[in-house]
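What follows is a single chain, given as structure tokens, in the form predicted alone.
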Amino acid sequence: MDNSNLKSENPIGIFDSGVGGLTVAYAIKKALPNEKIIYFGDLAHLPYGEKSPEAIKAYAKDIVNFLLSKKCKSIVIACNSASAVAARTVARQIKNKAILVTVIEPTAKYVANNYNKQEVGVIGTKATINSCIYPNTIRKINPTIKIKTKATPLLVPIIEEGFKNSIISKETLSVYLSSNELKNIQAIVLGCTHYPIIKAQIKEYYKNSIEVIDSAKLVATELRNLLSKKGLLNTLKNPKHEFFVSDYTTVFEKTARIFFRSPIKLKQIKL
């Protein structure tokens, strides 16, 4: 793909249905401190995991058009559900206008390279689990790995409603993680970018006996490598990030402030 029309000073666009993508945005901010980030949280349509593939594709196309209008040099789909069902649609839409990164590929590569002949669990939304994107992508790289999946749809609304690290999240996790589908695993993939927000509770459940894999750092590393390879790394000092939402929630604003450790001004727009 020819990206010769892209400029290093252009921003990085990131989108998700809610606060989950902020885990990816924060990792990118740490790995690429000189890059300006434009984040779009589609709060009006969350959670994506309960929506049809057709609806998710439609939301993604509208958001990508918005990010392209902002001249983003890269677009990161910071949502497993959207990455699973809409990545091909978005790739055709973007063509050579930006560099596309999803949360699936870097995570699948990591699992394939580090868990040969082992059993690995994946938890995620219904949309992500039903798509079989993780088993299919990992097995293409390493067919010796056994992937065990479990849909955990209650976790996103629990997090979005501000009940992270509570008795509610702890007991819900216990029910999900103790299921037969996840028996005897050597690692577990957090197949939703919301889940790193409750990563500590997940590690506590397993008593730190297995690796809990989240995609945020893996995606940030992948993006840094791609931008470096194409000569598109920015040298901007103290970039001013922008946050757009399709609907306003106090939980999103508070979470964004925690991650970015600065005042956040949300701009609400209708696509």
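A residue's number is simply how far along the shown sequence it sits, counting from 1. From a predicted model like this one, the values you see are computed outputs, not experimental measurements.
Although it is not shown, the form predicted in complex with a small molecule is what the next lines describe.
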Even though the small molecule is not shown here, does L46 get within 4.5 Å of it in the predicted complex, heavy atoms only? yes
Does the small molecule get within 4.5 angstroms of any non-hydrogen atom of V156 in the predicted complex? yes
Can you pick the stretch from 141-149, 162-170, 112-120, 186-194 whose heavy atoms fall within 4.5 Å of the small molecule in the predicted complex? 186-194
